[in-house]
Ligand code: ATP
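In the form predicted on its own, a lone chain appears below as structure tokens.
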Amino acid sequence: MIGIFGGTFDPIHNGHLHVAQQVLDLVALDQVHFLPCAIPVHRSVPYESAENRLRMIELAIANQEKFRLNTLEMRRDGKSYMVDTLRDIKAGFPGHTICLILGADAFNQIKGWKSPREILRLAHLIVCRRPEVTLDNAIFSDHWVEASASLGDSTESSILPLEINENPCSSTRIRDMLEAQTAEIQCLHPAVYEYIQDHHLYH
């Protein structure tokens, strides 16, 4: 099974890595693909260029055997719609089970995404619970499962709510601290922090 973990990663930080590793372990995924978005539909335009964000992801996951950088959305012109991306991923990885990793807040908004029913047809949804967010159990209510083993057994896509340990790191807070030159580098992989400093990013 391949996990797809999308976002702007502006910048990628230890919270992203923490979530990806937990999902990898708890669901027994074969790989997690970090999928940076070029032109987001549901959030603001990234602060840094695609080139810089890609390089920071490469540095952050360099020593993680099961983490991959997926540049599919970066190579596509126009806005990034997840349903289009999942179609391409399914075509590129025939025979593989695809799991889309979402935060609880993103999942609660999925009915506002392009072709949400097809998204669920193309991939299982792994929804990472957040203490301050109540999951909307009415969304695709007949597709919910309680155990990760059900993802491999199910003949149709399922929704798995997953309890994870949250990490307090936040891209917004990191950007603010970098701009003020008071960044807490424990939220950043050392190689990412060095890259940011060398290229004068977020200042």
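These numbers were taken from a predicted model, which means no experiment stands behind them. Numbering starts at 1 and runs along the sequence shown.
Not pictured, yet referred to below: the form predicted together with the ligand.
In the predicted complex, residue 169 approaches the ligand with a heavy atom inside 4.5 Å.
In the predicted complex, the ligand stays beyond 4.5 Å of every heavy atom belonging to residue 120. Within this chain, residue 116 is remote from the site of the ligand in the predicted complex, having no heavy atom within 4.5 Å.
Although the partner is absent here, residue 202 is not a contact residue: none of its heavy atoms lies within 4.5 angstroms of the ligand in the predicted complex. A heavy atom within 4.5 Å of the ligand in the predicted complex is found for one listed residue only; from 72, 83, 106, 98, this is 106.
The stretch that touches the ligand in the predicted complex, counting heavy atoms within 4.5 Å, is 169-177, out of 134-142, 59-67, 25-33, 169-177. Taking the ligand as positioned in the predicted complex, the residues of 16-33 that bring a heavy atom within 4.5 Å of it are, in sequence order, 16, 19.
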